[in-house]
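Starting off, we have a lone chain in the form predicted on its own, written out as structure tokens.
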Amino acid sequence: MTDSSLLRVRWIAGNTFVEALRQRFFAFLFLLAAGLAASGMLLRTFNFGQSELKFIADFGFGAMFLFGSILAIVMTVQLFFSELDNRTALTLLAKPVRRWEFVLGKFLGIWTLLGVFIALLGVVLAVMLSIRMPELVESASRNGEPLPFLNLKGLGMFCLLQWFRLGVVAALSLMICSFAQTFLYAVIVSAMGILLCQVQSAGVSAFSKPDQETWVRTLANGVGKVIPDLQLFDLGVPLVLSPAGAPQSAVLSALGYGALYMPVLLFITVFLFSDREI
């Protein structure tokens, strides 16, 4: 990548990030996700012990992925089609801006926004868990129960994993935008694609059993290698609430998985977008 290409990618990414940050949809989703995560604190009146800490954490983990995926899909599709509908993409690409620079800039801007979203939710979740943790420790000590465990560094690592996870979601949505003709079609297909990625591992396991036909097992394994498995990033409980932590190999594998799939999906996006009429 030349210096001029890098400057153009950075300019497109910066404009995309600022435009996305100004959208009310971002603020609405963040407030909604933070409110859902904070609602787990309502359980403090019941004092469920260590299971309460897991319940609060699960609320936060679920909010990160659910609302993060909605943000990744809707914002990616909206910003992509707004460039096409307003004819700004035609103006940009008429200048010395290559299509791969346009695609990469759009992705980096959206991925940066998703990083801000995850970081903010991570702070909210860390504050809630830190507030509740001393009360649960005191209660457990008083009742002779096992002390709960909380690893805030593990929470930071989990947030990093979710950032990569949502990066795959955004790259997949951008790939669908490269050939979709309407906003609604791109959103629906992207949502279905993310749902398929979520159940990928369960489907592959079900169709890879020894009692299945050979061609069925082969097809299932092939599909499993093509469709991203987003379940690999679900390491929140061992990272945050388990003294043993998550295996380092699992964390590195998930990060490498995301780092591999994002450029592959972007390469396919550039290939499809290169032949699209604007």
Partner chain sequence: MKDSGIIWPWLRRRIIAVVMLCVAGCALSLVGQPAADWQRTHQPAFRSEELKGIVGQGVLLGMFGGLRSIMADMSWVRAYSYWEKRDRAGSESMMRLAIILDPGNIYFWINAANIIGYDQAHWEIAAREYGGRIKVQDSVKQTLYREYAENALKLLDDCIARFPDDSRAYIYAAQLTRNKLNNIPMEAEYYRRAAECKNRVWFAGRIYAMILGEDMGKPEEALEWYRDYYRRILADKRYENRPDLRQIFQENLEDLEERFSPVPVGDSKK
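Rigid core (definition): largest C-alpha set, two forms, superposition within 1.5 Å. Positions refer to the first chain, counted from 1. Because the structure is a prediction, the values reported are computed rather than measured.
What comes next is about the form predicted in complex with the partner chain, which does not appear here.
Between the partner chain and Leu66, Gln231 and Asp234, in the predicted bound form, does every residue show a non-hydrogen atom at 4.5 Å or closer?
Yes, all three are in contact.
With the cut-off set at 4.5 Å between non-hydrogen atoms, does Phe179 touch the partner chain in the predicted bound form?
Yes, Phe179 sits close enough to the partner chain in the predicted bound form that at least one of its heavy atoms falls within 4.5 Å.
Closest heavy atom of Asp58 to the partner chain in the predicted bound form, within 4.5 Å or not?
So Asp58 counts as contacting the partner chain.
Contact between Leu184 and the partner chain in the predicted bound form at 4.5 Å, heavy atoms?
Answer no; every heavy atom of Leu184 is more than 4.5 Å from the partner chain in the predicted bound form.
Flag Lys54 as yes or no: does it have a non-hydrogen atom within 4.5 angstroms of any non-hydrogen atom of the partner chain in the predicted bound form?
Residue-level check for Lys54: yes, a contact with the partner chain.
In terms of non-hydrogen atoms within 4.5 angstroms, which of the given stretches 145 to 153, 202 to 210, 116 to 124, 131 to 139 touches the partner chain in the predicted bound form?
Heavy-atom contact with the partner occurs in 202 to 210.
Ok, Met175, Leu104, Cys159, Met75: which has a heavy atom sitting within 4.5 Å of the partner chain in the predicted bound form?
Looking at Met175, Leu104, Cys159, Met75 one by one, just Met175 meets the 4.5 Å heavy-atom criterion.
Stretch 232 to 260: residues contacting the partner chain in the predicted bound form, 4.5 Å heavy atom cut-off
Residues within 4.5 Å: Leu232, Phe233, Asp234, Leu235, Pro238, Gly245, Ala246, Pro247, Ser249, Ala250, Ser253, Ala254, Gly256, Tyr257, Leu260.
Superposing on the rigid core, I want to see if Pro210 changes position between the shown form and the other one - specifically a Cα shift of 2 Å or more.
Comparing forms between the shown form and the other one, the Pro210 CA shifts at least 2 Å.
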